[in-house]
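Have a look below at one chain only, the form predicted alone, in C-alpha cells format.
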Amino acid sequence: MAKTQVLVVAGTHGNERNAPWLMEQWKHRPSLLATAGMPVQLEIGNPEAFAANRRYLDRDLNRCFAPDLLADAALQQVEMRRARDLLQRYGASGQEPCRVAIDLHSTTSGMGNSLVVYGRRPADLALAAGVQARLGLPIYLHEADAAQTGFLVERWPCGLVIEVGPVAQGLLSARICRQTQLALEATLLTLAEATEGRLHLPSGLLVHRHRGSVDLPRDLDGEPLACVHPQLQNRDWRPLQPGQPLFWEPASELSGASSPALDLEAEAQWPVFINEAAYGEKGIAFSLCRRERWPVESHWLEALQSLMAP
C-alpha cells in the first residue's frame, strides 16, 4: 500500500511570501526538497490573497476551519470557499486524502524557528516531540482560547504549524526560507520514521502553554495609547521579569518614568508573538505562556504510527 500523503500548505496568509516562494522552487525542481520518501502535496493556501499580497481578502483563512463556519452555507467569502475546497480535495476523506497537514508561516515577531500545536492530540504531540528532538525548536501549545479558533491544521487528523521570524510582511528573506525548509525536512523525516516504525521519541517535551493574550492600552475609540516597550520587543521565549515595563508612550520618556508593568501571577510568564503586525486587528500585542516540561507518553507515538501506517 502507498504511504500516507502529507499536505504542505504555504501562503495561508497571502502576504507571507517566503514559504510560497520556496514551494514554487520545489514544484519546478522536486529534488530541492528532501521529503524522506514521503509523498507530499504542495498547495498555496490562499492564492487570491497571495496574488494581491494581502493577508486575506474577506476573512482570515486560518480562522475559517471551525466546523460551524464550514457548515454554514450562507458563508461564501473567498476564504470560506477556499477552506471547503482544501478539505474536499485533501481532507482525510477527500479526493486526494492526506492524514497530515503542515502549515508554513512567517511572522514579524522575533519567534525564530518554532512550532505551533493546537490542543493535545496525541499524534500532534508525537510529531512535535520528534521535530523538537532533532532541531531543539520551541513549541507554542495554543489551547483554551475561545477568541482564536478555526485553524487549518485542526481539520486534519494530525497537523503542525512551522512558524519563522522575524521578517516583514511581503519581504522575501533567504534566512527565513532556509529555516523554513530545515524545519519542514525534519518534520517529513519524523513522519517517515513513524511510517516505518523506527521513530524514537525523547523522554520529555518542552512546551510553552498558552495562558492568554494582552492588548495594547487603547482609548475609547480603540486607538493605541502606547507601543510595545523596547525592552520587550524581540524578546519572545524569554520570561518576563517583575516590574518589567511592557508598554511605552512618549509622555513616559519625557518624564523619565517607565510604563506600568502588567500584574503578573506568581508563576513565570513567557511572551510569544510579541508585536506581530497582523495581530493588531485581533487585539493582541503579545500572548503569554507557561513553560512546562511534560513526560512523553507512549500512546503519543502509537497514535502517530497508527495514523501513518500504509
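Start at 1 and count along the sequence shown; that's the residue number. Note that this is a predicted model, so its numbers are computed, not measured.
Omitted from view is the form predicted in complex with another copy of the chain, to which the following refers.
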Q: Select from the listed residues 123, 228, 137, 205 the one whose heavy atoms reach within 4.5 Å of another copy of the chain in the model of the complex.
A: 228
Q. Can you pick the one in 75, 182, 214, 192 that has a heavy atom within 4.5 Å of another copy of the chain in the model of the complex?
A. 182
Q: Would you point out which of 235 to 243, 153 to 161, 137 to 145, 172 to 180 contains residues with a non-hydrogen atom within 4.5 Å of another copy of the chain in the model of the complex?
A: 172 to 180
**Q.** residue 32: touches another copy of the chain in the model of the complex, heavy atom cutoff 4.5 angstroms
**A.** yes
Q: Considering only heavy atoms, tell me if residue 298 and another copy of the chain come within 4.5 Å of each other in the model of the complex.
A: no
Q. Within a 4.5 Å heavy atom cut-off, is residue 275 in contact with another copy of the chain in the model of the complex?
A. yes
Q.
in the model of the complex, does residue 67 come within 4.5 Å of another copy of the chain, counting heavy atoms only?
A. no
Q) Going by another copy of the chain in the model of the complex, which residues of 11 to 30 come within 4.5 Å of it through any heavy atom? A) 21, 22, 25, 29
